[in-house]
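Okay, here we've got a single chain as structure tokens, the form predicted on its own, with questions on binding and movement later.
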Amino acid sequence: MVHGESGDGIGFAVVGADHLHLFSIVGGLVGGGARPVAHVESGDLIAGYASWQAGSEARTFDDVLADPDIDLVVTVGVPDERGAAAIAALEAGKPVLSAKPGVTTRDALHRIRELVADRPGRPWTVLFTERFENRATRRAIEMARAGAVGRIVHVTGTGPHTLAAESRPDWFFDPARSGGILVDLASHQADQFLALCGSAEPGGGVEVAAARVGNVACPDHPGMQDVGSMTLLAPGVVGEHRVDLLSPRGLATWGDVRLMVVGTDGTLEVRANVDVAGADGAEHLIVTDHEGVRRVDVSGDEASWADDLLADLADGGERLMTQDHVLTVCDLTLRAREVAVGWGTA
């Protein structure tokens, strides 16, 4: 348990600032009542962060770890640095909130698993924003788990992104630093599939059946991966997932992310960011069942991930998700990377 009986007043420090997820994550925490106490001056975005959160003090990492007023370490550094930052924080007794991917190596995941094994609640959190920051995705998963379309038999998850190569840092093109496309981008799809179909047993009863990665459109960066797919299996359910960096520049947003859940009595389709050639805005949820086709208005839903996280930190709960869920998502994407074959190979 940390400061603040309801999560209000929890102090946090930012360690690593290399991805724009930093601003939505910190915005959520501050909106939930947490206090930005300190930051380590590392990462391309740290100057902008320090200007935005003027009350945050520049500290060394060692000072952050030793400060009893800091209840949470937030890491949005280069992906291959997040595991080490989390391990150091956990060894110092501080919970961690990481952008995805939380780790890029199995050794880091193994050490984190050891460090959280005997601690209450969920001391290591990876925020899978495609679910927790999108009301249509959250509502679809809730409806599917409640039986709205009968028994789930198939899930399709796609996470296309725009490459925007000119604005990407060098590490983005190096799979050893980014984790590769399956560990990085496909963590969202693994999270959603596990939330939909995973069981209560450790590991969620989900297996990786197949995976592929390739470079199909980035000859200037031959070592990177711009497309990946994985097939996940749960008891009675098949999940087909594709992530890529192939979204055309003509798309008005960063990617046409979708989730399709097929059940024995209907389907749920999420068009998370855009309804191409259709309705305006984002967060579209379309239900098709025996009664017809309808859109579900999710505009009134609460965006509560930060409230849940802060309450969990205060009392050792697991409202947001379980610790096993976080560990399993990371394990699945690492397994997918380990078994992946080349794109289009037999």
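Everything numeric in this text was worked out from a predicted model, so none of it was measured. One rule holds for the numbers: they count along the sequence shown, beginning at 1.
Another form exists, predicted in complex with another copy of the chain; not displayed. Remarks below refer to it.
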item	value
Among 113-121, 88-96, 127-135, 150-158, the region lying within 4.5 Å of another copy of the chain in the predicted complex by heavy atom distance	150-158
Candidate from 237, 195, 72, 78 lying within 4.5 Å of another copy of the chain in the predicted complex - any heavy atom	237
Heavy atom within 4.5 Å of another copy of the chain in the predicted complex - the one residue of 54, 47, 293, 58 that qualifies	293
Triple contact flag 258, 263 and 289 to another copy of the chain in the predicted complex, non-hydrogen atom at 4.5 angstroms	yes
Close approach of residue 144 to another copy of the chain in the predicted complex, 4.5 Å, heavy atom	no
Residue 244: touches another copy of the chain in the predicted complex, heavy atom cutoff 4.5 angstroms	yes
4.5 angstroms heavy atom contact with another copy of the chain in the predicted complex for residue 227	yes
Another copy of the chain contact in the predicted complex: residue 222, any heavy atom under 4.5 Å	no
